[in-house]
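Heads up, the chain below is alone and in the form predicted on its own; it's given as structure tokens.
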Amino acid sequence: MDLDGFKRINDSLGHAIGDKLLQSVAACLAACVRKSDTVSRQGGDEFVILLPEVAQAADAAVSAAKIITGLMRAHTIGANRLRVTVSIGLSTYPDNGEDAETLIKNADTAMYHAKQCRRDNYQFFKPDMSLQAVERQSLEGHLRYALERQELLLHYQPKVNLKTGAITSVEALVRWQHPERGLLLPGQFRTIAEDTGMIVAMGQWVLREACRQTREWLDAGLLAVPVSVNVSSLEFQSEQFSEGVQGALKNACLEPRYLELELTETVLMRHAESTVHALGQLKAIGVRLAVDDFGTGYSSLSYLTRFPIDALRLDQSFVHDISASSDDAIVVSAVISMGKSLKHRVIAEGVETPEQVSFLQAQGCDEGQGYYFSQPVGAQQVAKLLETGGSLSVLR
């Protein structure tokens, strides 16, 4: 078993807090198992638990579920109340191995599969997981050199004014031109980048490249629209993040008003008090700020009024079913109304049909983004869109 996101806690709060959290977790684990069981810390935030007296595999699943539930409680470390989740992999003797080394290796493989599924869960080892583990290891090895080999590139997806059809900005989306597998989307490598910490260097590159490309469009005399960049949790928590933003703008000779940073609700609310200060620093630079995937996290409305936010990006899961689900339609209407009250722009993600456009227009939504208007495209195709005046039809 392995704690989810422990590196983030270590990096943001320090190793002393991390060590005390591990001690608290160890005590919790010891309380969850029987006297006949053995709890061992293998290193870092990884533990191995041996259950020598189980009649069937289902008994191990009961123990795993008990551990997951037990770790849900908050761990009070000094002034911090920390919540952690855990990913657990299980292997059984003799089906999954007849010696300790094989059993641990296969449990480890199952654990990584649990992380890939959704974290905060357990998975039993299956033989086909070994193939997936080899594939992940291969991707991880290649990803470490993707930046220096210049294999990453950006595609851009326009955001459109729902009244006029004018392109209001473009979102920078990273792609990986893998030497053997072809063009890979973020869903195929983001988890690896996050687990290994490579997401920070990748994010810094995306920020610099997006600013450079925007400057190139401006120098070519094209329609001036901002570029938006997604910011990961690890990037945002870095003490050098604000400096990195300023450096990217300076290197590209780009005015801050041409850059918008998108952060998810989960990232913003993780350390809400310190987030207020961090966002204030970014706002002082002059960049625009947006809450991404709005509606899927746990925002506090009191904090939303304190965050210096410019825009709310309504998550596509709500937009997708607005014509079929009255509940989703109500949520969309409420978010648009709230956004207007807070004087935020509201951007609907994942717009794909004329019916969705019509509904959003009727509700007064400011902007839309999705395949209905344009798929993510390369820089040259964006240039052609901007050359023609940057207008896309909002109703076909």
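For every residue, the number given is its place in the sequence shown, counted from 1. No experiment lies behind these values; they were computed from the predicted model shown.
This next part talks about the form predicted in complex with a small molecule, which is not shown.
Mapping the unseen interface onto this chain, G70 falls outside it, with no heavy atom inside 4.5 Å of the small molecule in the predicted complex. Put simply, V351 is close to the small molecule in the predicted complex: some heavy atom of it is within 4.5 Å. Contact between P186 and the small molecule in the predicted complex is found at the 4.5 Å heavy atom cutoff. The small molecule is not shown here, but in the predicted complex it comes within 4.5 Å of a heavy atom of S232. Using a 4.5 angstroms heavy atom cutoff to the small molecule in the predicted complex, none of L90, K105 and N121 count as contacting. Exactly one listed residue, out of R175, R215, R208, R181, brings a non-hydrogen atom to within 4.5 Å of the small molecule in the predicted complex: R175. This chain is displayed alone, yet in the predicted complex one of H75, R190, K283, H271 has a heavy atom within 4.5 Å of the small molecule; that residue is R190. Looking at 165 to 173, 219 to 227, 76 to 84, 239 to 247, the stretch with residues near the small molecule in the predicted complex, meaning non-hydrogen atoms within 4.5 angstroms, turns out to be 165 to 173.
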